[in-house]
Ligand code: TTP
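So this first bit is one chain, no partners, the form predicted alone, shown in structure tokens.
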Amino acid sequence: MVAIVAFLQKSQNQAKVPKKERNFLFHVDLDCFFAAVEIREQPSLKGLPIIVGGDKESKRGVVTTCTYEARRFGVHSGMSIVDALKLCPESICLPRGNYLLYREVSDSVMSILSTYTDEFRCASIDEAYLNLTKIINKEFNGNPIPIAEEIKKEIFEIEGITCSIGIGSNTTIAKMATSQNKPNGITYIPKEHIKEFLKPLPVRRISGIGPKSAERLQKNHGVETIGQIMKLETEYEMIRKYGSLGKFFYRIISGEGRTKLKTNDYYGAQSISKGRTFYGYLEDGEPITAEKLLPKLIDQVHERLTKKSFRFKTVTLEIKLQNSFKNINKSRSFLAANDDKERINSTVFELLEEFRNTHKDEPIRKVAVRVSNFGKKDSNQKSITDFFSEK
């Protein structure tokens, strides 16, 4: 169940008719990413304390990530496997993570996120920032929650993992908000509620304040919470007491901060894809098949293609086999770029037929539809769909 932090409820009325457009920066963090992918591949691991990284037999290595079932015992990333097993002896350790698979899933998620806005930045393999200010003010009347829920739903449907989303007026507040409601949560902090949100939090929660800085603040100033810093109301007072950190603190507390994102050009510019793992799932009591699933995926790909005003030259059908987990990609390219959905549809089903002819009845675990080799559509150029829609 997705929980939405209460700060939204206090500000919904103000957000509906803003006197000035708000900034909406999103921080998307994939929950327990490596462990979540492993559980997706091995559902029997669900609900167990899983540690990725470190060998239980040799007691060597460190925790790369772990599930919340392990975190309840105090296990966390960066901890030695020896210390982790002291806290949670029943942990299941996966010493050799499938990093190629993690990268594949990450690239898929980042591709999904990059279709929502050109102002997108991948921060790491499992987190990203998006500036969705324009679309939220224009199409959602200043309410960021519907698009956050749409993002979460799309990631889960396509990759089978959850994420947490923080929303704020700048990247710092957005990132801090994400941690407030994990896992699988949405936290929105309007600018007028930033101080209320920050006041009870430990100073260590501020991005950029490490353990040593937090220790010095406690030792030299007796400061443990952001609320204690907020007692100094002006930037001058903060700089006078905390030096260069004072200016940093003031910007965060006053709601100022980064809103411009240095984008990753290599995401979103190369391809648009939609996929789904479906083996073993039922729909209306009947097993889901690739043939039943593909039309919906094609619709989703074409919708994104149209939204980005791209025209494709290459269509790819990606298939993952159930028994061997082997990936099979079949592609077809065209001389001229176009945006015709029927071309995608016919090509995908031709490629599926080719697969069926060579692999007979081998069960499929996952399918994905991808279009690539893009050309940007000329604003004055009509699409094939436009010609047929004209009267």
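Just count from 1 along the sequence shown to find any residue number. None of the values given here were measured: they were computed from a predicted structure.
FYI, the form predicted together with this ligand isn't displayed, but the following is about it.
- Taken together, 34, 68 and 77 are fully in contact with this ligand in the model of the complex: each brings a heavy atom within 4.5 Å.
- None of the heavy atoms of residue 119 is located within 4.5 Å of this ligand in the model of the complex.
- This ligand in the model of the complex comes within 4.5 Å of no heavy atom belonging to residue 347.
- Although the partner is absent here, residue 126 lies within 4.5 Å of this ligand in the model of the complex, judged by heavy atoms.
- Taking non-hydrogen atoms only, residue 340 never approaches this ligand to within 4.5 angstroms in the model of the complex.
- Of the candidates 311, 320, 193, 182, 182 is the one whose heavy atoms come within 4.5 Å of this ligand in the model of the complex; the others do not.
- Looking at 38-46, 58-66, 330-338, 354-362, the stretch with residues near this ligand in the model of the complex, meaning non-hydrogen atoms within 4.5 angstroms, turns out to be 58-66.
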